[in-house]
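Take a look at this one chain, the form predicted on its own, written out in structure tokens.
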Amino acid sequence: MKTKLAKIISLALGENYSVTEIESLIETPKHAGLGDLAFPCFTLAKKYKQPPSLIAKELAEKIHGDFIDEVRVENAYINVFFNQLQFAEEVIKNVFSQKEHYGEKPKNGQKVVLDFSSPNIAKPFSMGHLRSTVIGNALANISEKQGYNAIRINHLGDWGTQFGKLIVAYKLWGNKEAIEQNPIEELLKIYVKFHEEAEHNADLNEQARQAFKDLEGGNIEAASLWEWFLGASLKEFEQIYKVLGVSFDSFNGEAFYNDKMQSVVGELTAKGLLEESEGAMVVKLDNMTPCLITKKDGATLYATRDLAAAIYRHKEYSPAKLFYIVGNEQSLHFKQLFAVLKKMGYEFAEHCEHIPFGMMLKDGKKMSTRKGKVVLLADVLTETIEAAKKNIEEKNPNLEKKDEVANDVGIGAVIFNDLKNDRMNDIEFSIEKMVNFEGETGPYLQYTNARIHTLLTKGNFALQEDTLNNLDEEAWGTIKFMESFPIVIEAAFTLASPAIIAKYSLSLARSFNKYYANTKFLTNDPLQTERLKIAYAVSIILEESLRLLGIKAPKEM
């Protein structure tokens, strides 16, 4: 509707302003009494050299259309009121005809590669890994909704000096039988013990460096241990991903690029970009710390592997965009990475984007695996699912498939608790907030949707026609929210922010619940069908919003 109004205003102004320029100026008033949309004339005053109030008065006389009910001038503002029934009928028709595809753009034949989750092997999947996993999964879903083919990559942390530490720790304190029974738990114990002992014994770190060098050199014993650690980790990770409903197209981690790094070093050398700095090799960058490519001993680093990975992904997938969903603390690393790619002459660097996010905190501090201060995601999911079961037993003890619904609600609570926040904000870990089934929570959205389905069942609703013959005044706010869904998805993709959809879905649910609280739906007259049509349309959009966020929507709760 904003575009329609922009076209009318642009036509009235002639060739001076494009539809896009006008649309960017149109505002949504804070109060319903000021109209559905408002156009401020301050910008026009600069061009026409007339008072904005005079321009508003003259321009308002040229604004008319079938969907416009009234135009009012308030000083420099042109306030437009829509024909609510006609507007609502168009929205309802669009939602009913497209259903779950409402707001979806046609396939564009382009790919978006998303690098996300990326846990370190031989370490537990903690709450610290949740953010990258659920933000990345949601962005992949949103990318597909925008017409792209999403390529989901789990760049496992399966290489580096930490594996030298783990190999040393296993040889010193490892119990093979215990590790085979509880691999991740036992490996974490000896990893933590290594760091505790290394504080008093500096020789341990040197042993770890040598162990990793042996691994890089193809030492059979070291390679065998590494493969064991990898297999045990993947088995546990896959269980977590299955619970979360997250899948990947590739699990190629850092080790996959071992045989691809030397060609990157060779290319940097051939292009005259490598320089020696205190025995190490670096690429100097403008207004930035030099990017370290190899250490004094010739060992490669994260930057070397990420350069190899970026070049490989460009050749393998030719993506329109390459998203790295990695914590905010790695911002400098990615600035360096993209800057080096540009220096190497790779134009695709312009399409690489770091999607940073804040930390998951516990008692105000970052969770640390090496210090053992970690909350396991599996434990949190178990607890939230149990809380959901308890809630269902209290409110709806006769519900069928209680366990399935409790799973959907408990897992959804954890995911939504993360995604409703602006991704740049740190999140304080709190089980109590996650399992709160009222307020700004996933269960609140799921319950609103389930309530609508109960309403539709009680009202024997069957969609026979998509026309709307009546509109309650209380429904107007809900209709406007539904109309904006396609714009919300586009904004979430452009800004790489699933929180936009999460906050939108809360606003839509609150608006509908307010309408429901003030209106009797089941009246056994023609008005019942009209109201249920709106409820059904809200359900379609709520379910699709939740799906985009990676959350299931039970029909009963």
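Note that residue numbering follows the sequence shown and begins at 1. Please read all numbers here as calculations on a predicted model, not as lab measurements.
There is another form of this protein, the form predicted in complex with a small molecule, and it is not shown here; the text below is about that form.
Please name which of the stretches 234-242, 191-199, 467-475, 117-125 has residues with heavy atoms lying within 4.5 Å of the small molecule in the predicted bound form. Careful reading of the contacts points to 117-125.
I'd like to check something about residue 459: if you look in the predicted bound form, is any of its heavy atoms closer than or equal to 4.5 Å to a heavy atom of the small molecule? No.
If we define contact as a non-hydrogen atom of the residue within 4.5 angstroms of the partner, is residue 157 a contact of the small molecule in the predicted bound form? Taking the distances in the predicted bound form, the answer for residue 157 is yes, it comes within 4.5 Å of the small molecule.
If you check in the predicted bound form, is residue 96 within 4.5 Å of the small molecule, heavy atoms only? Heavy-atom contact with the small molecule at 4.5 Å: absent for residue 96.
With the partner left out of view, is residue 317 within 4.5 angstroms of the small molecule in the predicted bound form by any non-hydrogen atom? Taking the distances in the predicted bound form, the answer for residue 317 is no, it never comes within 4.5 Å of the small molecule.
110, 330, 396, 454: which sits within 4.5 Å of the small molecule in the predicted bound form by any heavy atom? Selected option: 330.
Considering 130, 322, 326, 167, which brings a non-hydrogen atom within 4.5 Å of the small molecule in the predicted bound form? Filtering the options by heavy-atom distance leaves 326.
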